[in-house]
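As a starting point, one isolated chain is supplied in structure tokens, in the form predicted on its own.
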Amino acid sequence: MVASSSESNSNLTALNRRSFLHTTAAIGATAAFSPIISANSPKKDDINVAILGAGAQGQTLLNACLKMGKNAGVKFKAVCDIWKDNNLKRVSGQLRAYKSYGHTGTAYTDYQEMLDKEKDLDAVIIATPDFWHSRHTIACLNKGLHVYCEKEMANTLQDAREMVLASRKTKKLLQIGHQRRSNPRYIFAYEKLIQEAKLLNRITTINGQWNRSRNACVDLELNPKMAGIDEKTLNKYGFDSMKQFLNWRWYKGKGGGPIVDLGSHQIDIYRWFLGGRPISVMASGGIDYWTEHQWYDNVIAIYEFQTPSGRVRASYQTLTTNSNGGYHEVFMGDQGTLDISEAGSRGSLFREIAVDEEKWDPWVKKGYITKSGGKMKGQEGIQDVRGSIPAAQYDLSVTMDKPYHQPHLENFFEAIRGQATLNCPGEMGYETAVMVLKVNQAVEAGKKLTFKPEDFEIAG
């Protein structure tokens, strides 16, 4: 639920269903958003769904859907996963336990079999390893199903491009799982604080990070008491071993390492809030600690954006040996700073001392922000004459008490019903993939790489 002041509450109610007009223009209204037409649905607005990939992320998405409640009109009819004795058994059993909600959870290990046998499906949620996303998505779209696909949408831009083209051809929805795009706090920060109130004024710098502790990054191992996947099945689906299956994100050709797995979420917000594409990126990283891995365990990247107001430099780092600071994004303007995170523990603005307090007071009265009385951390007690007087702190008036992925899934289902437009359609996910996959290339090249406008375009 969204909590805010009484005046802004009515505005916020519509935020989850806000139409991003530039998205519609990019895709074409007919191809991008089609209402559900399913003669097989027991009720007009019911959506029959399958989940493809029932590991940790698939479980997270399923739980978010179940949180929507019995009357959400979302009915899970099938689940598919190649780990029959663990993922598949667990999630299928969970769905059967929720049969009063209309779920059946028929279990499959082969996605083609599922698509051939399940005749009443309207949509599929895909949470398989990245290197399967394109094949799974295109197969589902070609079966006439709408698709919610986890990010990163693909390991290669060619695969990502083919996903978008398949969505256009079939006229079925393709939502990419950049869930911050549907988070009411991020929508509010962008639309109300940056665009309407212009509290940051000209954004000049962005900093972001996702730091994780060493313990959080140790390779997963198969429990000796648990049955793994047989070698034949592993090989059939592109894995050399159970170790590779469990830790696929670290393997080239399977995932893209932490900068893709984690950084993609936040780098996507850079582009959104700036309203433009980067012109270059340079990066440094390496296999510095986890020496058995194939992907870089820490990366620091610097993007350059050219905006109508001027040049913006945006840094981002992902670290796998220390969790200090967790994950967040900081947007710094010449009049204020926004410090925000998907985690609810961060959500503040800081007014530069040179900006009169009266300039921000109208937005306090409108309920957009609240005075907290705090100051920017790390600036207390500055004595050096070259230092700056601490900025005054304000807090966002919007909170979210839903699971992180729930609003994005709700947006997907509302779009299927024709009641909303997608917050992150395939074209939008493709542009982020262009940005993020380039970071690993920049690390390997050891030099600044440039982006051309045509890099972001999808012909066809």
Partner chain sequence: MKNKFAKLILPAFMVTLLMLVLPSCEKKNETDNGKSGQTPAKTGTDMACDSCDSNPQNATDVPTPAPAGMVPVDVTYPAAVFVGTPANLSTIPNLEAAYPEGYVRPPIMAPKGTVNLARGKVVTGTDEDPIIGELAMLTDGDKEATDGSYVEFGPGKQYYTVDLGQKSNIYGIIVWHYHKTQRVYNDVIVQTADDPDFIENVQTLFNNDIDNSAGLGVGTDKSYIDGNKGKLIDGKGTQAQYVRFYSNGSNENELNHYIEIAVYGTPVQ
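Positions refer to the first chain, counted from 1. Not measured: the values here are computed from a predicted model.
Keep in mind that the form predicted together with the partner chain is not shown, yet the notes after this line are about it.
Original post:
Would the partner chain be touched by all three of Y98, A216 and Y327 in the predicted complex, meaning a heavy atom each within 4.5 Å?
Top reply: Every listed residue reaches the partner chain in the predicted complex, so yes.
Original post:
Considering the partner chain in the predicted complex, which of T170, N86, S348, N298 comes within 4.5 Å of it through any heavy atom?
Top reply: Exactly one listed residue reaches within 4.5 Å, namely N86.
Original post:
Exactly one of K232, K225, R311, K119 has a non-hydrogen atom within 4.5 Å of the partner chain in the predicted complex; which residue is it?
Top reply: Looking at K232, K225, R311, K119 one by one, just K225 meets the 4.5 Å heavy-atom criterion.
Subject >> Heavy atom of S323 within 4.5 Å of the partner chain in the predicted complex >> reply: S323: contacts the partner chain in the predicted complex.
Original post:
Heavy atom to heavy atom, is R417 within 4.5 Å of the partner chain in the predicted complex?
Top reply: Looking in the predicted complex, residue contacts with the partner chain do not include R417, since no heavy atom lies within 4.5 Å.
**OP:** Would you check, heavy atoms only and a 4.5 Å threshold, whether K143 touches the partner chain in the predicted complex?
**Re:** No, K143 is distant from the partner.
Original post:
So, in the predicted complex, is M400 in contact with the partner chain at a 4.5 angstroms heavy atom limit?
Top reply: It does: once the partner chain is placed as it appears in the predicted complex, M400 has a heavy atom within 4.5 Å of it.
Original post:
Based on heavy atom distances of at most 4.5 Å to the partner chain in the predicted complex, which listed stretch, 155-163, 311-319, 354-362, 336-344, is the contact stretch?
Top reply: Among the listed stretches, the partner-contacting one is 336-344.
Subject >> Residues in 430-452 close to the partner chain in the predicted complex, defined by a heavy atom within 4.5 Å, in order >> reply: Stretch hits: zero.
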